[in-house]
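Single chain ahead, written as structure tokens, the form predicted alone.
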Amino acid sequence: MRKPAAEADAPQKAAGNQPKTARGEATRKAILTAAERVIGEKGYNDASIGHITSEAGVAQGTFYIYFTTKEQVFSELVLEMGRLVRHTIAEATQGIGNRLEAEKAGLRAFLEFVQAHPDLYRIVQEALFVDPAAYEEYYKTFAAGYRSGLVAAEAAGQISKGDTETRAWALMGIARALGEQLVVFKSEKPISELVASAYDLIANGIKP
């Protein structure tokens, strides 16, 4: 899946200070990983920089070597979630020539990802209120790539003709709702069952 040009224009505030050594990169990653756990569990408002550095096992002053504010870390986690999800889905659908089969494989990959990263998923949902710009970037970038895939599938005769932009957002909505079912409502349904039901809806609709 080719990355949309919008990804290159991601908000600069999320970049942070980039380390120049492998050790610095490891420390920065440890802070981000800790922030994912702490903010995901406590929520943005209740998570402090002290909580994050304690979880990361570094001094509080070390935080400011790599980041200026808690919001900057939060924004980077939202954008990182987007990058990881798109990469995961691209890998899962690589080599699948049929769009409907790609939908099934992509949905499964997405749900397996959010089940493995529930804190990141919760952070993205909270971004609507904490950092609307990052939230918008996350979904608009995803939607642009999704729409491109649908346009190509329509041109190849693999799916019926229709409004590809609306379809992209609707299909994303299905994935998001099922992600919430897993992470927020802690569904015990197996992912395979969720995917099978959703795929039947996508491929066949609800007509009798």
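Numbering starts at 1 and runs along the sequence shown. If you're wondering where the values come from, they're calculated on a predicted model, not measured in any experiment.
From this point on, the text means the form predicted in complex with a further copy of the same chain, which you will not see here.
Screening 26-34, 50-58, 64-72, 174-182 for residues having heavy atoms within 4.5 Å of a further copy of the same chain in the model of the complex returns a single hit, 174-182. Judged against a further copy of the same chain in the model of the complex with a 4.5 angstroms heavy atom cut-off, the residues F113, F142 and S148 are out of contact without exception.
The closest heavy atom approach of L84 to a further copy of the same chain in the model of the complex falls outside 4.5 Å.
Taking the partner from the other structure, a further copy of the same chain in the model of the complex has a heavy atom within 4.5 Å of a heavy atom of E136.
Contact annotation for A170: at least one heavy atom lies within 4.5 Å of a further copy of the same chain in the model of the complex. Although the partner is absent here, K104 is not a contact residue: none of its heavy atoms lies within 4.5 angstroms of a further copy of the same chain in the model of the complex. Annotation for 136-160: interface residues with a further copy of the same chain in the model of the complex are E136, Y139, K140, G157, Q158, I159, S160 [heavy atom within 4.5 Å].
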